[in-house]
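Quick heads-up: it's one chain on its own, the form predicted alone, in C-alpha cells.
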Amino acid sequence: MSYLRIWLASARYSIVRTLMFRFDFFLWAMVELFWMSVNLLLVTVIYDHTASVAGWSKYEMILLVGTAMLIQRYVMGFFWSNLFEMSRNIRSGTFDFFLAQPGNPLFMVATRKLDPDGLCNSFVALGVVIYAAHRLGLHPGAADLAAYGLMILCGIIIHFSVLVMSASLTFWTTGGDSIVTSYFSLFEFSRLPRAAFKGAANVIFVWLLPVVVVSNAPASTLLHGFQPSYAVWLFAVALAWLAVAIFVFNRGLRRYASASS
C-alpha cells in the first residue's frame, strides 16, 4: 500500500504539471495522434494494392497495428520518460535523489512521473482494436479478453525490462540514453506479422528481442481464440526478461559512485 500511495502521489504531480502546461500536452498528444494516423493510413494504402500480407487481411492487420500501438502508448505513458532520464541522472549524479527516497530504487526511478499525452492516446489505440474486431465480426469471450489483457501486460513488461537494461548500461558506459532511444525504433517491428520474418530476422526480432511476439500474441488471441501454450510461453518470457533486468540494474547499482565522487 505504501508503494501504491507513492505512485498515486507521482501520478497526481504529473497531472498537475500537465495542467500547468496545457498547450504542451495538447501539442504532443496531437503529434502522437498524427503518427498513429499515418500508420493506419499506410496500412490502408498497402491493402489498396493487395488482399493479404503474410496471410493477414486488411482488418486483421489493423487489429495488429492497434494492439502494437496500445502497448507502445502504455510503455511511453508510464515508463519512457523516466527510463530515458535515468541515464542522464546517473551521469550527472542526480541519481542520488532516488537512492535517498524511502523505496526500492528501481521503482522510484521508473514511476517518477507519467506522460498523460501518451496515456490519452491509448484510448485511441484501443478504439482501433475495437473497430477492427467489429469489422472482422469477432465476438471474443471473457476468457479471450482476459488473455488478451494479460498478454498486453506481458508485452509491457518485456519492453519495460529491455528499457531498464538499456538504461542500466550507463552504470558502465556513457551512452545509455542513446541505446534507450535506439530501442524505440524497434517498436516499429511490432506492427508487422510474425510470418513476415524469415531466417536471421526471425531469430533476432522474434526470439532474441521478442518485439514482434508481444503484439502478435495478443492479436492472435482475439483472432483465433485463447492458445494456452502461447500464453504460458509469453508469460515465462516476460518473467525471464524482468528477472534479467532487475539483476542488471542491481549489479549496476553497486558500481554507482554518487555525485560526491
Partner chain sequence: MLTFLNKYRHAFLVGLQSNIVYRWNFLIRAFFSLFQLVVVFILWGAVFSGTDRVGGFDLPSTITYFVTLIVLQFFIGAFNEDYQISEEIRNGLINQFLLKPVNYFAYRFSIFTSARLVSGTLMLVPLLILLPLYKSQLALPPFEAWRILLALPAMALAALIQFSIAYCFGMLTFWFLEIQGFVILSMAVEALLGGQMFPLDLMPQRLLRIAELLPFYYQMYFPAAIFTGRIDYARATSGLVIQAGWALALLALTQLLWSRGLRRHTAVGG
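Keep in mind it's a predicted model, so treat the numbers as computed, not measured. Positions refer to the first chain, counted from 1.
Below, we refer to the form predicted together with its partner chain, which is not included among the displayed structures.
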Exercise. Any idea which of 219 to 227, 66 to 74, 232 to 240, 193 to 201 reaches within 4.5 Å of its partner chain in the model of the complex, heavy atoms considered?
Worked result: 193 to 201
Problem set entry | Proximity of residue 188 to its partner chain in the model of the complex, heavy atoms at 4.5 Å | yes
Problem set entry | residue 207, heavy atom within 4.5 angstroms of its partner chain in the model of the complex | no
For this session: Mark residue 28 yes when one of its heavy atoms lies within 4.5 Å of a heavy atom of its partner chain in the model of the complex, and no otherwise.
Result: yes
Exercise. Since the partner is left out here, which residues of 25 to 50 would have a heavy atom within 4.5 Å of its partner chain in the model of the complex?
Worked result: 27, 28, 30, 31, 34, 35, 38, 39, 41, 42, 45, 46, 48, 49, 50
